[in-house]
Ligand code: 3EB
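The chain below stands alone and is given in C-alpha cells; this is the form predicted alone.
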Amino acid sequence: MMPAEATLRLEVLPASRLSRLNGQDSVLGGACFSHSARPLDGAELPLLAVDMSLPAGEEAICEVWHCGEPLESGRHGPIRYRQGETLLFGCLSLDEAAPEGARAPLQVATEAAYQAIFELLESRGYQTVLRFWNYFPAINRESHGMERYRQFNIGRQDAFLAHGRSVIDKVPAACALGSAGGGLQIAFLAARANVVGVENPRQLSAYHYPSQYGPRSPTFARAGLVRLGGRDMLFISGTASIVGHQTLHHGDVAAQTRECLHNIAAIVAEANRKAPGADFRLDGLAYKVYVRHSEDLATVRREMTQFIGAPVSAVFLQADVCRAELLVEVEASGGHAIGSGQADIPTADTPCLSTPA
C-alpha cells in the first residue's frame, strides 16, 4: 500500500501562475493548454505544452499533479519524468518523420513513443500504467490510405505487443484527442500498485471493437481503479456518445453530452460495485471536456450542470474527437484531492506537464 502522505492532488491554475511552482517539491508533473502552445520553463519538471484552444476570453491553463512522497526528476531519451517510491509521471513530444516504407509517419512515431515509455517503466520497475493522455493534430484526417487515429492505434498496439503487454482486459485508461498543432504528445502516470480495469456495461469494450473502426482496436480500458495511500482512485478514459460500439445522436451536441454523462455514470456505478467503500459520485469528480466546435461550449456546460445537478470541477477545451461524427468527449477522475492547498476533496488523478523534447 502506498504511504498516506503520497496521495495525489490535482491543481488547476492559469499558466501565468506556473512560475510559483518552482521549488515545490510536491510537483509530479502536468500539462498546459494554450493556442498556440506556450513554451514552458519547468526546469526538470515533466510539463507538456499542448496546442489546444480554450473558450474565448480564457487564458492558458495548466493541470498539475502533486504527490507527497519524495520525488526526483530524470530523462530517458525523449521522455522527461518525475518519480517517487510508488508513482511516476512522464511526458514526451515527437515529430512525425518521413514515411518509413509502407508505414505512415504517425504510426512510426506512436510505436517509437510507446516503446520508449515501456523501456523507461521496465527499467524503473513500474509495470502498471494508470492513465495515458495522447494528443496529435488532424486526428480525423486521412493520409497514407487511412485515418490518422487508426494509424495511431496500430502504432500503439504494436508497442504493447512488442513489450509483451496485454492488448485486452488489463490495459490502461486513456484518451486520444486532436490538437491544434505540434507533433505527437503523450503524458502518462504509472504506479507500483495493482490496477483494476473498469468497463462500461452500456458499451462494447474498445479493445473488442469490430474491424469497421480500423485494422487494430483501440488499446484502452473505459476506466482504471487503483488503491493509493489508503484511498480508492478512479481514472475514467475519454468518454463519448457511444452505446455498444455505435455513435448516437449525430449532429446533436446536447444529446451527445447527456449520453457521455450516462456512460460516465455507468462507469462510476461499476467502479463502486468493484470498490464498495469508495462512494464515487458524479459531483465529486474532476472533469476535462473536449468540444469539437467552440460555438457548442455553452450548450455542453449547460447540459453538464443540469445532468449532474451541482457545480463541478471542469476544464473545457476545443479539440477534435476520435470519430468525425463525435462532437464532445469527457474524461474524469476521482478519489484524490483537488485544489491549490492541502484540502482533501475527493476527485481525480492528474496529468503531468512536460516541455517538448
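Bear in mind that the values here come from a model prediction, so they are computed numbers and not experimental data. Note that residue numbering follows the sequence shown and begins at 1.
We do not show the form predicted in complex with this ligand, though everything after this point is about it.
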Tell me which of 48 to 56, 64 to 72, 30 to 38, 321 to 329 has residues with heavy atoms within 4.5 angstroms of this ligand in the model of the complex?
321 to 329
Are any of the heavy atoms in Leu234 no more than 4.5 Å from a heavy atom of this ligand in the model of the complex?
no
In the model of the complex, is there a heavy atom of this ligand that lies within 4.5 Å of any heavy atom of Pro137, even though the partner is absent here?
no
Closest heavy atom of Tyr126 to this ligand in the model of the complex, within 4.5 Å or not?
no
Partner proximity in the model of the complex: Arg156 to this ligand, non-hydrogen atom cutoff 4.5 Å:
yes
Can you pick the one in Phe188, Phe280, Tyr149, Tyr81 that has a heavy atom within 4.5 Å of this ligand in the model of the complex?
Tyr149
Of Ala271, Ala240, Leu88, Val171, the one that lies within 4.5 Å of this ligand in the model of the complex (heavy atoms):
Ala240
At 4.5 Å, heavy atom to heavy atom, what parts of 174 to 194 sit next to this ligand in the model of the complex? List them in sequence order, or say none.
Ala174, Cys175, Ala176
